[in-house]
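In structure tokens, the next block holds one chain alone, the form predicted on its own.
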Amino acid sequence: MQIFYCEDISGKKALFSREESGHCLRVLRMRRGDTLTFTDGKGNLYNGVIDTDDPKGMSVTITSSKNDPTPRNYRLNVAISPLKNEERLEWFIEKAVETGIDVITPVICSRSEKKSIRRKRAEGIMISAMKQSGRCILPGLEEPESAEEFIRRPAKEKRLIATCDSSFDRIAITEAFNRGEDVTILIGPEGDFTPAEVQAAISAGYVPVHIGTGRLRTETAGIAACCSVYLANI
């Protein structure tokens, strides 16, 4: 089922963005009177009929709506270091949305080679991944924040820090949280967190974990972490 995205909804009317309108009308050749399914990215799924086939701003009359048909009983925030190769981080963002995530936070660590992300492009990838995977929740994308500041955030969820440093008493990520539990996972840059960063996280209540015996790239570790939480909650 093709799912579209619209955030401008008022009553029974939905006004689509230029990008979504163009894709629907020019690429898929839909026209006035055609029916379609779309989400607002807030957990709602709508059916509607196109009543204005303007590729610059298509309008749709809503005929029915329902809550997210694929709800999750947990929340997941992955705080991950930006990567020098931006395509790798974008791959992580796409797959993280597909498997189910609530918040992505770019964290700047001592060894991070990149200090920023291409936000508009990342948001577009998130929207596409949400639609492709049939999800109705558009995850939040936070502004980059230093690892030190992020670690100090007060939180009630289970907090994990993935590290390759075996000098810390790590446990397998699959043993570090319970089904249905909200989780925050810190993923460091190529070269890992510094020992001081790991120790600061532990002091703030984070549990040091490993994601298997091999050494994973940052984006691979991020996806492995997302999949660990996703599979534990199926």
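Numbers follow the displayed sequence, beginning with 1. Everything quoted here is computed from the prediction, not taken from an experiment.
If you look for the form predicted in complex with a further copy of the same chain, you will not find it shown, but the lines that follow are about it.
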Exercise. Of the residues Gly140, Pro144, Gly124, Gly134, which one places a heavy atom within 4.5 Å of a further copy of the same chain in the predicted bound form?
Worked result: Gly134
Problem set entry | Option touching a further copy of the same chain, based on a heavy atom within 4.5 Å in the predicted bound form, out of Thr194, Thr52, Thr174, Asn47 | Thr174
Exercise. If you check in the predicted bound form, is Tyr230 within 4.5 Å of a further copy of the same chain, heavy atoms only?
Worked result: yes
Exercise. Would Gly214 count as a contact of a further copy of the same chain in the predicted bound form, using a 4.5 angstroms cut-off between non-hydrogen atoms?
Worked result: yes
Problem set entry | Any non-hydrogen atom of Thr70 within 4.5 angstroms of a further copy of the same chain in the predicted bound form | yes
Exercise. Quick one: does Thr99 come within 4.5 Å of a further copy of the same chain in the predicted bound form, counting heavy atoms only?
Worked result: yes
For this session: Identify whether a further copy of the same chain in the predicted bound form is within 4.5 Å of every residue in the set Trp91, His210 and Ala224, based on non-hydrogen atoms.
Result: yes
Exercise. Just one of 83-91, 101-109, 114-122, 151-159 has heavy atoms within 4.5 Å of a further copy of the same chain in the predicted bound form; which?
Worked result: 83-91
Problem set entry | a further copy of the same chain in the predicted bound form - contacting residues of 45-68, heavy atom within 4.5 Å | none
